[in-house]
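A single chain comes next, written as structure tokens; it is the form predicted alone.
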């Protein structure tokens, strides 16, 4: 029986992410991945049942890393403003450290695969952030609104600023997301979310 090689698995994951970011999900195949990773196609099937299994496991690995970084040092018992500041800082750290993974998840977001991935994200984040949000509403630190409204106000501005940082702003092609800019945006978000 052939044994697993974790270095090879890491290489396969990295090459798969690079290929999907560059060529999209439609252009991705096990044959192409094996060639890019300089391994035989048969070796890939030691690690994954098929293409779908590989993509799902790849997504879940990226999601686990993202959640681990996003929740570092976070406690649901924190005051709302303090908890949000940690959330923003951690999410920014993740997306700055792993830009390729961020682009990969954007590719996945518009595929049928995302439904399964979204369930995992919702369950894992919800387990920690659900009590945080509920406590903030009870303590009158947060206005009670539908979840989609809350999330759009709480996090979409940060993700848009990260996009501007990576791709250039509408008016300033050389826009950089600095600590000061992030604090300004977070202050506006916190004001908007207050009851």
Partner chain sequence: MNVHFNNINSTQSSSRTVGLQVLVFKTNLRHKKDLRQVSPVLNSAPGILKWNVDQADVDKVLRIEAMQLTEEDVITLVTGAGFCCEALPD
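Small disclaimer: the values here were computed from a predicted structure and weren't measured. Numbering follows the first chain given and starts at 1.
FYI, the form predicted together with the partner chain isn't displayed, but the following is about it.
Interface residue remark: residue 43 is counted as part of the site for the partner chain in the predicted bound form, having a heavy atom within 4.5 Å. Residue 50 belongs to the set of residues with a heavy atom inside 4.5 Å of the partner chain in the predicted bound form. The partner chain is not shown here, and in the predicted bound form it never comes within 4.5 Å of any heavy atom of residue 38. Not displayed here, the partner chain is kept clear of residue 139 by more than 4.5 Å at the level of heavy atoms in the predicted bound form. Shown alone, this chain has one stretch from 159-167, 128-136, 29-37, 66-74 that lies within 4.5 Å of the partner chain in the predicted bound form by heavy atoms: 29-37.
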